[in-house]
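Given as structure tokens, the chain that follows is alone and in the form predicted alone.
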């Protein structure tokens, strides 16, 4: 039997996927009135023991000229622990793990042979003065580096008010609501990683976009700070976490981690341009609401050495090493032993008052958000099996329509209308049947 995969990377088709998303786990700051806006982010976490490599890829809306970002980090970082990564690696990881639409074609019921088709469906003096001014505010510039197109400072502070004053004196705009969050991080003895674009270096390098920042550190804390990222958000944000671990999937310990509905048979018209992305956004939004906006969703969990079906090729050992999979060792040219968990969370301050805290589990069960289209056989067979097949199609199409309505909350009559003659007309379910779904 042949299978057809298409829309291989949902990232290319849905609005808040990697190609267009743009938030961070810290907060954006900008001089004067520069308008920066963030909605979502992609973070790759490589974790084994207390060792973490974090890659932060972001898109943002605003003038890059005055861009800067502040991110709390659990420990001091030396120059060698900071790197500028390759966005293409994050894009590849996104494509590999993206929710997918799978297409099957029914066999001729009069022919017992089966066909299987498949198609695969982002100056020393001045420095001393700056350090002296910072010290007077209780802020210590522990280190400063230029890494790629970024100028980076590692700051520690005694009081949040001193840090905020220092940031403002240096031209950064602090989002309202950030003060108590900054204070809480200081109580945890965390440092602040401040990165801004060095336009001269960026021009030399020739990049027209911001490349991901990577940091490597050791800390027992396996967490992702998201609270500062909410300080300058105009609404809920979408965050995608790609965790690469040695043993099994990860989950959050302070919020529920749930799997998205998967393996659903849905109407074939979702193959039409734009339909699948519209479906996925509606379906995800509905699942968020059903979980009281307080859950983290697993979209993919799989051993990186293989996939079935593959929405994109698995990452090579070299690509994984560049993302920070430090245990890949000598597997150059082959696949590294890494287990990928893709988490998707839509968060705001009302429903996610704490940072995300993770744990690695021993669970290596495979999971993917996968949705199935089944094309009916359209031949002219007249055998008894063909007659029985035709009768089952009506029920199947009815179930497909009802499942789509249940997943998205869309009007069933409208779905049936779009399906055309594929589904028998029927009454709209009683209003109470959708109350608690």
Partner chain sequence: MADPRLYQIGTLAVLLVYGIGWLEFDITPVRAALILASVLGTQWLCDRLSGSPARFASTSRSALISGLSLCLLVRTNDPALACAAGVIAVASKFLIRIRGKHVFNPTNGALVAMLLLTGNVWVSPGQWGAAAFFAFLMACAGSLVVTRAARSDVTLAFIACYGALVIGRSLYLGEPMTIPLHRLESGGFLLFSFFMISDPKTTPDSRAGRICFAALVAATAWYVQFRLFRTNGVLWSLAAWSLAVPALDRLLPAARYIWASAPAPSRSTATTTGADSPLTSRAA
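Numbering follows the first chain given and starts at 1. Please read these numbers as outputs of a predicted model, since none were measured by experiment.
Another form exists, predicted in complex with its partner chain; not displayed. Remarks below refer to it.
Chemist: Its partner chain is absent from this chain, but in the model of the complex, do 240, 263 and 342 each have a non-hydrogen atom within 4.5 Å of it?
Modeler: Judged in the model of the complex, none of 240, 263 and 342 sits within 4.5 Å of its partner chain.
Chemist: Specify the contacting stretch among 147-155, 164-172, 78-86, 350-358, defined as having any heavy atom within 4.5 Å of its partner chain in the model of the complex.
Modeler: The contacting stretch here is 350-358.
Chemist: So which of 198, 316, 252, 245 gets a non-hydrogen atom within 4.5 Å of its partner chain in the model of the complex?
Modeler: Selected option: 252.
Chemist: To verify the annotation, which of these, 133, 256, 305, 293, has a non-hydrogen atom within 4.5 Å of its partner chain in the model of the complex?
Modeler: In short, 256.
Chemist: Decide whether residue 183 counts as a contact residue for its partner chain in the model of the complex under a heavy atom distance cut-off of 4.5 Å.
Modeler: Result yes; residue 183 sits at the interface with its partner chain in the model of the complex.
Chemist: I'd like to check something about residue 159: if you look in the model of the complex, is any of its heavy atoms closer than or equal to 4.5 Å to a heavy atom of its partner chain?
Modeler: The answer is no: residue 159 has no heavy atom within 4.5 Å of its partner chain.
Chemist: Counting only non-hydrogen atoms and a 4.5 angstroms cut-off, does residue 100 reach its partner chain in the model of the complex?
Modeler: The answer is no: residue 100 has no heavy atom within 4.5 Å of its partner chain.
Chemist: Residue-level contact is defined here as any heavy atom of the residue lying within 4.5 Å of its partner chain in the model of the complex; does residue 271 satisfy this criterion?
Modeler: It does not: once its partner chain is placed as it appears in the model of the complex, residue 271 has no heavy atom within 4.5 Å of it.
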